[in-house]
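Let's start with one chain on its own, the form predicted alone, as structure tokens.
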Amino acid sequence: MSNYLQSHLQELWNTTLQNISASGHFDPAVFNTWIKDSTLFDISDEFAVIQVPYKVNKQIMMDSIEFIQQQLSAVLEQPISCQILLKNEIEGIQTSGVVKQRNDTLLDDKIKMEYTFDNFIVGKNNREAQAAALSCCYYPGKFNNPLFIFGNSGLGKTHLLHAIGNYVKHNKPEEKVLYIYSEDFVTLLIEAMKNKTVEEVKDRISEVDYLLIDDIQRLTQSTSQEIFFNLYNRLVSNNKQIVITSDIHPRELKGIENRLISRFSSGLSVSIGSPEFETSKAILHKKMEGREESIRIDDDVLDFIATKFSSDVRKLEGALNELFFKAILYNPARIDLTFASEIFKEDPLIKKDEEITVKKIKKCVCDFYGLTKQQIESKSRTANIANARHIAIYLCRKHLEMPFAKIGAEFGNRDHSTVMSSYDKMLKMLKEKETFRQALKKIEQQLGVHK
């Protein structure tokens, strides 16, 4: 099959039909009855297939085939030969040439060279996922098979899939790697079922050493799941590495058969969370490479963006790009916090009431550390969660002057003595460690209370 999109084929044929009509070669009644309903099915190299609904259409057009070829050649600006076929005739030849080329397109190398491990910014939110992805490159099919990476959109799951693909292509050129989006996988299998080429497709996929499937939650077509189940078993039994991404944990997948969920869960499942403040800022610095000389930007502006747009990497990049675009447009001497605040003042992530509340304190602390509200209210004693909780409690006491008992009720119904102990720990850490003083300063800046 050609690289022409269906919409492009239709556009080319509409132009050709207009030229044929305007030429007067056919009587208007003949054109409207027998020519107008034709469609351009495909173009491959110097050969075009035109589809018509009935035999009489085909006969009339075949009588003027040379003229039709001339008109289409003029639109394409290259010589073209045409074949006029009925729908059932096209279906008959699809299993040979057209279907094979369609399969080739869906199974083409779609690894994006710009996504590598070198430019993947590692932080607390994604360190496990990055390490697991690298492990698959070093020890394919041995320990983490399948590797299941899950998390919200825009956090780097697809980046890691392409990074694996690029690593394999660079370091193991003899091995085959296939990256495919789950909806393309479904399309591939549906076409294969229609054209009785399922076994051929399965054989081709079974030859790969790394199968990388993006957004598995979209693989909800039941027959496709049956074929994928058989493929999965074949690949795993041959120690081929499978890496899967999803927006949710495998146990939470809906519309996916239990036997597939069981197999997804049998490997290693790792999550990617929202980037915490330091990771967000590192991502911004990475995205600024090569622009430093042309645009001057204050460091506190990066702090501002890293805090406000840290829910996902795409929002970070989008905010930075918007800021650079507006800087080029309005040409300030430098991008400072005043300029940035003005640019983003209407953004729903920025607009807020002046009053400080417990909810706002929790949100600022969670955004800074890349945590969720549930984590900060939980009983977890993991260092990063506990430290974030200490700071949030300290801020509630300092700026809202809340009683310890009331603060405890806001943080998972902790008793007042536990909250008091947390507050005291924070006081001690602020005296002893510069890192906590800096973290507190940045969070208070976002709350608008730092002097």
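Numbering starts at 1 and follows the sequence shown. Just so it is clear, the model here is predicted, and its values are computed rather than measured.
Keep in mind that the form predicted together with a small molecule is not shown, yet the notes after this line are about it.
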Exercise for review: Name the residue from 115, 167, 304, 339 that puts a heavy atom within 4.5 Å of the small molecule in the predicted bound form.
Suggested key: 115
Revision key, fill the gap. Residue within 4.5 Å of the small molecule in the predicted bound form by heavy atom, from 314, 296, 363, 202, is 314
Point to revise | Stretch in contact in the predicted bound form with the small molecule, which is absent here, among 70-78, 369-377, 155-163, 323-331 (heavy atoms within 4.5 Å) | key: 155-163
Practice item. Using the partner position in the predicted bound form, report whether residue 120 sits within 4.5 Å of the small molecule, counting heavy atoms only. Key: yes
Check your understanding: Do residue 241 and the small molecule share at least one heavy atom pair within 4.5 Å in the predicted bound form?
Key -> no
Practice item. Look up in the predicted bound form whether residue 192 has a non-hydrogen atom within 4.5 angstroms of the small molecule, and give yes or no. Key: no
Practice item. Decide whether residue 283 counts as a contact residue for the small molecule in the predicted bound form under a heavy atom distance cut-off of 4.5 Å. Key: yes
